[in-house]
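Take a look at this single chain in structure tokens; it is the form predicted alone.
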């Protein structure tokens, strides 16, 4: 490590990283537009300039993203000269930037807004009209480009060059006519397009599916883990006023996904925002009827009590905590265990997506649950005395028709939605993954955290709590397992 002094404080700096990284890693704020820690630095925006003194040479203002650290370097990020240069950069950037903050999706999380306010850049010295460029240019099925808002930081260009290794964007034309463009105006392709909207520091690149859906200050953001493959990318789940989940965005995790995520996980809203959620139902002479949770659990216990040849089948979305509770229930029932394992899909790539749609395959396997295809699960539970199906989307993955075809078997279901099956004795609602605490273990053994981004429907309780309660009802404490 290299010793440098920043704002009067001596810090350790990694000589392999630029000066701006040393500042950020030590809690010292330096503004940036073109710099991103996951991309190669180019020094095009110049907003990151700081005052640096080395040896006997006079202090000078330099772009910190392109300046290597050196032993004994003295840095001042808050000097009047540094702020003056930043204001000049902002004045230049704002010369042609449109005044459409009130309708911009980026408003509230825009670096241009934040730095203009922080630096006090309120005046412009030119009188020429702003340049007119294309406002709503489609770049494919994911991204819309507003050319007038673009500050040509080139982050989006470098993302495809440096990260996916498949260049698709370039800075076209020269001088004041320069714009971001795809090659030959072909639409963007691939499963990682949404990342360029994340890294765009202004509102030039926006997501078609999020466009005008919410103001970011009305979104509550919570730590979560992507549910769409066994990579388990770290994400934030962003919920609009306690209602629908509006965004999944990548959260930095150096061991799993760094700053990125795929578009499949980014737009996985259909299940978490589905309506008509199950709460508690039990079988009566007139069919399934709604009841309170205790009554549904009692009906479930009655269906399981005293049965031989019992099976407990989990969803691959079950957390480690839910799986542990299911394992304890299975031990008390003397039941066989497994989880539904869908076939690999065609989304596997050499970057993040594993092609395995089971987010907790590793965690369930480590706890002793075997992964079986839906047809194999159906064969394993055919003729069973009783079956517990547990976890979000377990019926969807197993197949509603397979559950409906069960005869002579008592079925207890814990799922987000009910299924009309003659064998079903009780259905108890469960939270989806944005409504619960817990952990998934990804394909490489890293734990992914789930936190409660919004409340579950009224009356729905955590699955592991219900499984523990069912275990107590089936076999009271002190009884022989």
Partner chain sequence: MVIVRRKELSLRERLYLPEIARGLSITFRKLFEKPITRQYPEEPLPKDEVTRGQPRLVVKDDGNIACVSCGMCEIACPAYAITIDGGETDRPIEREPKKFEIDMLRCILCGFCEEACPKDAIFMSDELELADYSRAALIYDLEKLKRPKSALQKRIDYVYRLNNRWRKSSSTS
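Residue numbers count along the first chain shown, from 1. Predicted model only: the values in this text are computed from it and were never measured.
Just so it is clear, the following notes concern the form predicted in complex with the partner chain, a form of the same protein that is not shown.
Among heavy atoms of residue 240, some come within 4.5 Å of the partner chain in the predicted complex.
Mapping the unseen interface onto this chain, residue 105 counts among the residues with a heavy atom inside 4.5 Å of the partner chain in the predicted complex.
For residue 186, no non-hydrogen atom is located within 4.5 Å of the partner chain in the predicted complex, even though that partner is not displayed. Residue 252 falls outside the set of residues with a heavy atom inside 4.5 Å of the partner chain in the predicted complex. When you look in the predicted complex, the only residue of 166, 305, 130, 348 with a non-hydrogen atom within 4.5 Å of the partner chain is 130. Checked against the partner chain in the predicted complex, the candidates 284, 176, 213, 220 yield a single residue with a heavy atom inside 4.5 Å, and that residue is 213. Only one of 294-302, 135-143, 398-406, 329-337 places residue heavy atoms within 4.5 angstroms of the partner chain in the predicted complex, namely 135-143.
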